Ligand SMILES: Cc1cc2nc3c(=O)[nH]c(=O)nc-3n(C[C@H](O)[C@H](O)[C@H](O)COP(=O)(O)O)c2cc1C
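What follows is one chain in C-alpha cells, specifically the form predicted on its own.
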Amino acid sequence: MIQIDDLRTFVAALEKRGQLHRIGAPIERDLELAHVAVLGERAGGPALMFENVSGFQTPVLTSAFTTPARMAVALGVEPGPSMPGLSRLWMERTISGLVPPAKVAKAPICENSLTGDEVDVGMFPAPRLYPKDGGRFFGTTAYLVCRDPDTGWVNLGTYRMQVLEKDRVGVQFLQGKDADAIFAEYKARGEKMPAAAVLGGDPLLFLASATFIGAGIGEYDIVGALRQRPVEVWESDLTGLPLPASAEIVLEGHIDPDDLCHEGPLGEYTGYYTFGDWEKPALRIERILHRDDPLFWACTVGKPVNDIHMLQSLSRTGGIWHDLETMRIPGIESVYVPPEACGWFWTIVSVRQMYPGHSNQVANAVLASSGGHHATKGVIVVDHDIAADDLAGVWWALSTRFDASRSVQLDRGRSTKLDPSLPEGARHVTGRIVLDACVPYEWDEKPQEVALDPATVEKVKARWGDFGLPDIDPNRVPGG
C-alpha cells in the first residue's frame, strides 16, 4: 500500500513512479497553461506541475487523474489494476463499513489565515481554460463543504466556482444536487448557509465529493473507508464546519439566498458549453486559509478524457457496484462506466446468469441505484465471459448475442441540465435504453463459441520466449 495523506504525498508518490513531470518554463495562467495540459492529456502524458506561472509563486497541478495508473496511486495501490479492478476495491472497502472523521486541534490548513482587506482570491493562479469560458475558475477540482441545518449531515460536493470579485465566487448548484437541497433549507429559514470551498487535502476527497452516495451519507466517512483510517478534520471557529486538516486552500464564508450571481459559461465535462443563463448562488469569502507554499490544483474539464471523466468513471462505477451488492443482486462479475462516456452516461455490467430474467434484473437495478438513476442514458449487460471494460468483447456481444426485437428496453428517467443532447428548457428527463447483450439463460440450445484448447495454450505460453515476440504478453492475449 502507498501512504497517501494529502495532495503533497500524492504528488510525491506520482513523481516516484514516473507519473509526474515538472515544467519550469514560464507559462501564462490564461489559456496557455490549459492548452499545454490538454495536449499532454490527449497524448497520454504524465501529470504536470507548472512551477513558473507568470505573476504567481504558487505552482499549479493538472492532469492528476487522467490514467488508471494515477487513479491507482490516488487509491493507495501500485499501478496495474484496471478501472473496474479499482472500482471493485472501492466497492469492497465501502461495503465493509464507513469510517467517520477524527477531529484534530491543530491543522496545517491553519498555517495562514487572511481576513478583512487581506481576502483576495486573486492571489491564487485560478486559470481561464478555454477561449469561450466566462472567466477564471477557482473551482474545477474544489469541493464545497456545507451542513444540513436540521440533521447535522456534512456534505462535500463538487461544483464549478468562478472568480467574480476578490471576495466572491459563483457556485453552480444544479437542481437536485445535495448542496442545492441543503441551501433550500437555509433559504426557507431566511438564513445564510455557512460554506467552505476546499482545494486539496486527500485527493480522494475530491473524488468522493463527485460521487452519488445517497443523502445522509458523509463523504468523509467514504474516504475513511477507502483509506481504512479516519480523515483528519479541523472544526472551523468561523463557520463551525469540519474542514480537511491537510487541505491546501480554503475559502470560508456564507452563501446568502439573496445574493445571487450570473457566471460562466465553462467548457463542461460533456465537451460542450451550457449557455443557459440563470441566477446561481455566490460564496462571500470572509476568510482564506492556506498552507505554507500552497499547491493549486486545476482540471482542464472539456471533452473526454481528463481528470473529471476518470474520477467520475471510478466513483460512479464503484458507487453503482456498491449499490448492486447492497441490493443483493447475485452474479456481478464487473461494472464499468467508461470515461469516454464522460464517466457518466453509459454503464456496462458483466453478469454470470443464474436464472431467466437475471440480466434484465441487473439492468433495472442499475437504473434504480443511487449512482445510476441520474442522467444514465443506457445500460449494456454482457455475459460473464466478457469483462465490463473489454470494449472489443462488448461490441462482439452486441453483434452476436443481441437481438433488438427482444434485447431492447426503453423508458425515461432523471437527466442533468448539462446534457447537450437535450434542448434548452427540457433537460429534466431523458430517454434511457437497456441493451441486453447476453445469451438468454433459458435457451436450451446455446450458440457454441470458437475457443482455444486450454492445454495447448499453456504449452505455447511455456515456450513463448522461443517465438521471438518479446513485446507481447501472452497472459493478455484473448483466450490466454
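Residues carry their position along the shown sequence, with the first being 1. Not measured: the values here are computed from a predicted model.
Beyond the structure shown, there is the form predicted in complex with the named molecule, which is absent from this document and is the topic of what follows.
Contact annotation: of the candidates L114, A368, V77, L174, the single residue with a non-hydrogen atom within 4.5 angstroms of the named molecule in the model of the complex is L174.
When the named molecule is considered in the model of the complex, only one residue from E252, E219, D323, D202 comes within 4.5 Å through any heavy atom, namely E219.
Of the candidate stretches 231-239, 299-307, 97-105, 394-402, only 299-307 has residues whose heavy atoms lie within 4.5 Å of the named molecule in the model of the complex. Of the heavy atoms in F345, none are within 4.5 Å of the named molecule in the model of the complex. Contact annotation: E248 falls outside 4.5 Å of the named molecule in the model of the complex, judged by heavy atom distances. Put simply, G157 is close to the named molecule in the model of the complex: some heavy atom of it is within 4.5 Å.
When contacts are judged by a 4.5 Å heavy atom cut-off, M83 does not count as touching the named molecule in the model of the complex.
Although the named molecule is not shown here, in the model of the complex the stretch 117-148 places heavy atoms of just one residue, T140, within 4.5 Å of it.
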